[in-house]
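Next up: just one chain, as structure tokens, the form predicted alone.
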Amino acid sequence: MFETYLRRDSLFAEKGALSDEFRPQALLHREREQKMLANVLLPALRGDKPSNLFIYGKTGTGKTIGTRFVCSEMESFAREKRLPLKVVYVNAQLKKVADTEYRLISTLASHFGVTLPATGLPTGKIYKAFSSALDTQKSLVLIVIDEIDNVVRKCGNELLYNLMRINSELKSSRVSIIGITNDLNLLKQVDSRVRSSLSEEELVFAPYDATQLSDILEARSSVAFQPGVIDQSVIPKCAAYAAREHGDARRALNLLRMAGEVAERSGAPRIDATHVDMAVEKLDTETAVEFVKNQPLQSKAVLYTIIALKETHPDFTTGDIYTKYKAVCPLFGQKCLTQRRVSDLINELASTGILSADVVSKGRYGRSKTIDLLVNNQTLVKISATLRAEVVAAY
């Protein structure tokens, strides 16, 4: 079986060109954003501390790759001119790396040669170790925290406040923070005292349109695939799908990669529009499952509750959900939230398309919210398995 597979010519030349890790030589249709980002950070090349910067945008709009591209160019320029500049990048969504304040500061400290224990030290002590390591650099340090909303929600105001205070403790170095998030309302949730100390600037990456996505796919496909294996309808169709879903370039690239894999597995000599349709169905399932995996435990508990109720009760209210949630929540190792907060979590899940939560009138009995799951059965089975695994992990 494997010999037959290896003898078959691959449709791909370099599949990695369609992955998140690939770094193109030029980032198409983000020239304006990169120039604005560079202008904010330019004082760092003169030894001055630039403003803290928060970068917003939906998933797949080039926030991370654009920021890392500009910062990498700055670091290269600084090395060439022997300027004291260092850039540190961490992703706050990675578990056991930067998903808590303790882990985040420990990870940052490790970039400066300081190894801290995984747990056990007082928060003040790890900040002191981190600031001491920073001061030995005698340079300006740009700390890029991707998915910063993930850790801010868990740690509240203290994380940002403590990071801002570090500069007052440094003698030979200075620090600026670059936060990357898809939550446009992140700083509205932060205490006004903390926000005023941030002195931040903001930059928004708008979604790509279908034409821009087509250009990106054309550029990547010329590297990723063998010549002449893509039907002319494929790239416009992938771009159109992604443009409908908030202009997500990552989604468009994944869709094109998946279409190529579907065609290759079926033994087709070329990729055509039918392979894109098949890839959409497959990718929708994978996207929903990955989304659920990355949700906070409380959101997982609520979704688990809704799925369990749906199996036995075709119709139920938010009151029914809360009653069952109080029994389910401890299974996830969590303390129960208030009914109002659970209702907020239901609305957040509804905004993602996993479920619907429509308010309907019951006449003289008032108004009620009806809940319905919007994913297909195949996806629901995988989501249920993912949530059951979380329950097992909690024990």
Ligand SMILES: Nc1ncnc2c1ncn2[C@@H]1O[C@H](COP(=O)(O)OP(=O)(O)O)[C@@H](O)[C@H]1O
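Every value quoted in this text rests on a predicted model; they were computed, and no experiment measured them. One rule holds for the numbers: they count along the sequence shown, beginning at 1.
This next part talks about the form predicted together with the named molecule, which is not shown.
Name the stretch: of 37-45, 332-340, 347-355, 55-63, exactly one has residues whose heavy atoms fall within 4.5 Å of the named molecule in the predicted bound form.
Stretch with heavy atoms near the partner: 55-63.
Of the residues L160, A301, A249, V234, which one places a heavy atom within 4.5 Å of the named molecule in the predicted bound form?
Only one listed residue qualifies here, and that residue is A249.
Position in contact with the named molecule when the complex is considered in the predicted bound form, options R257, R220, R103, R174, heavy atoms within 4.5 Å
In short, R220.
Do A327 and the named molecule come within 4.5 Å of each other in the predicted bound form, heavy atoms counted?
A327 lies outside the contact set for the named molecule.
Contact label in the predicted bound form: T386 to the named molecule, heavy atom within 4.5 Å
No, no contact at 4.5 Å.
Check whether F12 has any heavy atom within 4.5 Å of a heavy atom of the named molecule in the predicted bound form, and answer yes or no.
F12: no, not in contact with the named molecule in the predicted bound form.
With the partner left out of view, is I216 within 4.5 angstroms of the named molecule in the predicted bound form by any non-hydrogen atom?
I216: contacts the named molecule in the predicted bound form.
Within 26-49, which residues have a heavy atom closer than or equal to 4.5 Å from the named molecule in the predicted bound form?
Stretch hits, in order: A26, L27, L28, R30.
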